[in-house]
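Starting off, we have a lone chain in the form predicted alone, written out as structure tokens.
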């Protein structure tokens, strides 16, 4: 596991190993508190982030390691014109592993080609967000007890939503998965994902324009925000941002064991009244992200032999 740029960089065996390790960390976090003693994580975030950056930092600190890095491009030498490839070569002298978020698709991949340390893609443009996908898989596994034979509704911005794209790539590996793609026509899933991932793997999916009509079918509802920063003009954003809002009334249509996920941040696509519903799992999901990233760091640094025996 030299680098993690896409969810597909993990084999099925590696993915299962990571999820099993994450669940074990959740059961006994104290056993893991010195595994990364003496190791440093660099967080190179060229784009704003709350959950992803802080969960990476919490993960490394929970493992006994330390953290260095920058929070925005303006606070790094990128503001002076330094390239990603030059930055990562310097970072390689200072840290043992790097988590990178960048607004340009492919930037973490470029970094991986010039790095002497493992690079983790912490989100690149509208392309991929593999550690959010690990968080999502761990959340679904904890809530449903399985990752197969379920209907998953993906709602909102399916065109630019990198979390959606990564989750689709990961979930097609499991049998019995059906996707219901719920979005405005302007924000529907890219054609390449339908052709190269869903169709190529024989995955069942339907595209709809209404959330209400499919709520009773869903085992998981994955909500996403309509992202202002992905639009070319403000008028289109304003016109579409309120297209799909989850309310308590809509939740009445859902199964009792259906769960709502969201990568966050939330704007207004989930009413705050839904937070009180026990099926609202998005805050728990954010918590699971720390454990998923702890497991990833351990495996990418090859530190399983440092884990004390139970």
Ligand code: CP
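Numbering follows the first chain given and starts at 1. No experiment lies behind these values; they were computed from the predicted model shown.
There is also a form predicted together with the named molecule; it is not shown, and the following applies to it.
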Just to confirm, with a 4.5 Å cut-off on non-hydrogen atoms, which of 31, 40, 250, 51 contacts the named molecule in the predicted bound form?
51
Within 4.5 Å of the named molecule in the predicted bound form, heavy atoms considered, which of 132, 112, 151, 183?
132
So if I measure heavy atom distances to the named molecule in the predicted bound form, which of the stretches 59 to 67, 272 to 280, 257 to 265, 32 to 40 falls within 4.5 Å?
257 to 265
With a 4.5 Å heavy atom cut-off, would you call residue 101 a contact of the named molecule in the predicted bound form?
yes
